[in-house]
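Just the one chain here, laid out as structure tokens, in the form predicted on its own.
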Amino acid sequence: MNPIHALPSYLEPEGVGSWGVFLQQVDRATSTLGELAYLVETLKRPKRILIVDIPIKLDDGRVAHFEGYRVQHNTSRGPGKGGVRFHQDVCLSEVMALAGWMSIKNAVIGVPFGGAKGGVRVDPRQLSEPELERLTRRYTSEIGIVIGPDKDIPAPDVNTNEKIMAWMMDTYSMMHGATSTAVVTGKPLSLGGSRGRRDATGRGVFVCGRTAAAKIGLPIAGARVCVQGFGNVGNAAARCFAEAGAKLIAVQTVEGTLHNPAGIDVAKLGAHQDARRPLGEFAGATLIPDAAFWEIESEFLIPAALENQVTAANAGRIRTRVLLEGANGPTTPEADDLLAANGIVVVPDVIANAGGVTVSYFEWVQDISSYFWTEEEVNGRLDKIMSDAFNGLWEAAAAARVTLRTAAFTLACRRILEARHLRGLYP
């Protein structure tokens, strides 16, 4: 590598990790960038990385310390945008990759945001609600120097929700002496949230699946669907498919894997989970070994959990027509190649799960204008934006004879780097 472009040690692509996967994906698109290729190093270096210490007082009087992150990958096209996750395995490499994928996602879908992401290394199940609120507020105060409605707008992600967004919004507002609803998205409706936001990511997965199915002549009615992860995204996607006549035949969560070839009642499974009952007690399906999940024959497979779930170890056993990435980064580059060789259409995360950020954009617009839309308006605009973006991506992939992921990265990288080129360097 040319020493003038040598990466800082914490950005080296060697080794296993989400950031390494992101760099490989950028490298695969580099040869298509033409005159903009001279700027590709911009995509391999996050614009800003903030690591913060989060001390909080626990209910028993002890002081505990947690590590938090906010990474702004690129803001050439607009303010940073990306969620905040609370998870015991959060690390800098993961947050950097998630921020990078947000840059790509926002450029692919065409919303005027850059990419950012945040996280706190904590198991929120080990905290009481007052402790969780103190953690959220202290984290917000620590990253408050880099977020704002026109700088970087956080949103919910793994283990964060509307309540946590409300605490973040309130903390930022108190710090600035005025209510600022547009500083975060995914808020409760009464605090400037958008109708349709809660189901937006899962609905977007369905829109992409429906559009992809039309391209290959695959009917939705009667189609078999397998979902990994039955949280906000997996649940909403399963409901949308069921409403369109498909049947959910397998669900995998951290508790195990359920299977019923005749179909699983999505509403009943959702109610079972909401009641916090063990997965094994669900009467509408049978528990099977987790490894068997990847071998179930289906028309749609939706990994909607965490990164690096579809790998070279299991990709060859997958028997589906369309793989819809509801999670961020669930498929490794090696697995991508195996899936493509087996004729499986992979709809990459950077468009498949972009429904969430699309409606987050709608929420941000509504907050700034103080004019709010109906759920029908939100869903209609989401459907059009995602359908149009997918159709354009499909055509680009077909013309270049590449996968949808390579086409997505090519399109997004060009949009980001064109903005960087036109803006120039300051000073």
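Don't overthink the numbering: it's just position in the shown sequence, from 1. None of these values were measured; they are calculated from a predicted model.
Keep in mind that the form predicted together with a small molecule is missing from the display, and what follows is about it.
Asks: For the chain shown here without its partner, which stretch in 234-242, 79-87, 311-319, 204-212 has non-hydrogen atoms within 4.5 angstroms of the small molecule in the predicted bound form?
Replies: Of the stretches listed, the one contacting the partner is 79-87.
Asks: Check for me: heavy atom within 4.5 Å of the small molecule in the predicted bound form, for each of Lys247, Ser298 and Glu325, yes or no.
Replies: Not a single listed residue reaches the small molecule in the predicted bound form, so no.
Asks: Contact with the small molecule in the predicted bound form for His73, defined as at least one heavy atom pair within 4.5 Å: yes or no?
Replies: Close contact is absent here: in the predicted bound form, His73 is far from the small molecule, nothing within 4.5 Å, heavy atoms only.
Asks: Answer yes if any heavy atom of Asp336 is within 4.5 Å of a heavy atom of the small molecule in the predicted bound form; otherwise answer no.
Replies: Contact with the small molecule, no.
Asks: Verify the contact flag for Glu94: yes if a non-hydrogen atom of it lies within 4.5 Å of a non-hydrogen atom of the small molecule in the predicted bound form, no if not.
Replies: Flag for Glu94 set to no.
Asks: Taking the small molecule as it sits in the predicted bound form, is Gly329 near enough to touch it, meaning that at least one heavy atom pair lies within 4.5 angstroms?
Replies: No - in the predicted bound form, heavy atoms of Gly329 and the small molecule never come within 4.5 Å of each other.
Asks: Within 4.5 Å, heavy atoms only, which of Pro303, Pro156, Gly192, Gly119 is in contact with the small molecule in the predicted bound form?
Replies: So the residue touching the small molecule in the predicted bound form, by this definition, is Pro156.
Asks: Answer with one of Ile164, Leu135, Leu258, Val357: the residue that has a non-hydrogen atom within 4.5 Å of the small molecule in the predicted bound form.
Replies: Going through each option in turn, the one that passes is Val357.
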